[in-house]
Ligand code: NAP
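One chain comes next, on its own, written as structure tokens: the form predicted on its own.
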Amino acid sequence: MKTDYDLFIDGRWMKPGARFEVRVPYDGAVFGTAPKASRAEVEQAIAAAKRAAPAAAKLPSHKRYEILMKTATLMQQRTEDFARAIASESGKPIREARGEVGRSVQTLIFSAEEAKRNVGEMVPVDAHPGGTDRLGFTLRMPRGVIAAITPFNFPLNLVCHKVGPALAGGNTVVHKPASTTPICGYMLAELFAEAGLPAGFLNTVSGGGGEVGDFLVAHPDVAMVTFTGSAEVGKHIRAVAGMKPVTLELGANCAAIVDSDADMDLALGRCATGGFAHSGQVCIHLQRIYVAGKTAGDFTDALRSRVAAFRIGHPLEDASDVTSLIDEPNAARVTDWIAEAERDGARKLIGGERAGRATVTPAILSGTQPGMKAVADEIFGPVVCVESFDSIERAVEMVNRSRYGLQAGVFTRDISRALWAAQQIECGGVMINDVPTFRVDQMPYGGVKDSGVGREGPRYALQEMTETKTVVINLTGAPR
């Protein structure tokens, strides 16, 4: 399995001026090496994408479909290689990594299908008195060069969510993967080349955000930026991008409401998964749980028992439920936030200890206050805060007391209460009888407030990545 890659620019592998090591977060072992691009090398990638943009716009939709489908097929055939790469560079447990590969295949398939549906609509211009004898319609036109900047936590699927729709819409792409997890991005570029993607349509460059990311975002030949990451970096990107459109899928401190009539076994199982998958390093990680007062004690005790059974181990071991955070500084930050909450009166019911290089044992906090970092900010670690509520109105108020608004969950058997809560909760998606961590890849996905702007999911990303062009034909004088 190849783990050392060069830059991928204009359909060719190019030796970089510098390289860096990619390490397994769990134990620090070297997994591979990746290129550290200079600004001159990023300039080459942008120039290649710009040269290829006219050809990408003209490529028939059936060809786009075929290339995306072939890439999906190749990926499925190499599931284990991709899963091992995901587990090794991101620290994700291998079982979850295999799931990410399966999702990535589906994302490419959905993108391929959207390539055939990238159409405008008829516009009834004659509905206006001034539009008599005119025929109107819209076209969906590619934007051109799209800069795709992706995070470490889903180093394959979130790349597919940007590259797939961009190519389906007739754009070209310059992709910058996260510096901690670049290998999957280069492996994907390799697949696209094997599938017959023309040179320059996809270019992959890795390196630091200050050296590569800002230059890429601000470059005048980049037509659009699509980014997934923290709210702070997203705001910086929006400022640097100027007038070019951006889609930003940012952070969250997602919450779930467990009402007194909920199916408790269902809620417990889903909350245990949503709170601790990938050590909580998921944008829609379940960070806050609000449980009806009469059931809160039993729910918390049962959740603690489930968490105690999690097995901590190496990401490549099939039995591992929890491995590590992406690096030691983030592990230290998470334990610091837990300690701060305890100092301010919260109770740590289980976990929250450092174990090994970058591992934090799964933790449950109770007795928290809204201003604590573990509640108010995105912890991005294996921590959930469980509190009780006395009315559904109060629970919704507690969910909304956040600067974020990505997704939320509501567990109840009362459909009226569920729909009322769905309308009142301030976020991009509400999952009924499920955790906010639920996502399938064709659904519209994105948030409000500090959770970002725009939507992902191939159909919705494709709309963001294309322009609407209006065409009106004057039929005056035509035979009647």
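So that there is no doubt, residue numbering starts at 1 and follows the sequence shown. In this text, all values refer to a predicted model and were calculated from it rather than measured experimentally.
This protein has a second form, the form predicted in complex with this ligand, left out of what is shown; the following refers to that one.
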**Message:** Does any part of Gly209 reach within 4.5 Å of this ligand in the predicted complex? Heavy atoms only, please.
**Reply:** yes
**Request:** Examine Leu191 and determine whether its closest non-hydrogen atom to this ligand in the predicted complex is within 4.5 angstroms.
**Result:** no
**Asked** Contact between Glu249 and this ligand in the predicted complex at 4.5 Å, heavy atoms?
**Response** yes
**Message:** Can you tell me whether Ile350 touches this ligand? I mean in the predicted complex, with a 4.5 angstroms heavy atom cut-off.
**Reply:** no
**Message:** Based on heavy atom distances of 4.5 Å or less, which listed stretch (260 to 268, 211 to 219, 78 to 86, 292 to 300) is in contact with this ligand in the predicted complex?
**Reply:** 211 to 219
**Contact residue in the predicted complex, chosen from Pro142, Gly185, Pro151, Pro362 - any heavy atom within 4.5 Å of this ligand** = Pro151
**Request:** Note which of Arg357, Arg103, Lys244, His236 lies within 4.5 Å of this ligand in the predicted complex, where distance is taken over heavy atoms; exactly one does.
**Result:** His236
**Asked** Taking this ligand in the predicted complex, which residues along 224 to 238 bring a heavy atom to within 4.5 Å of it?
**Response** Phe227, Thr228, Gly229, Ser230, Val233, His236, Ile237
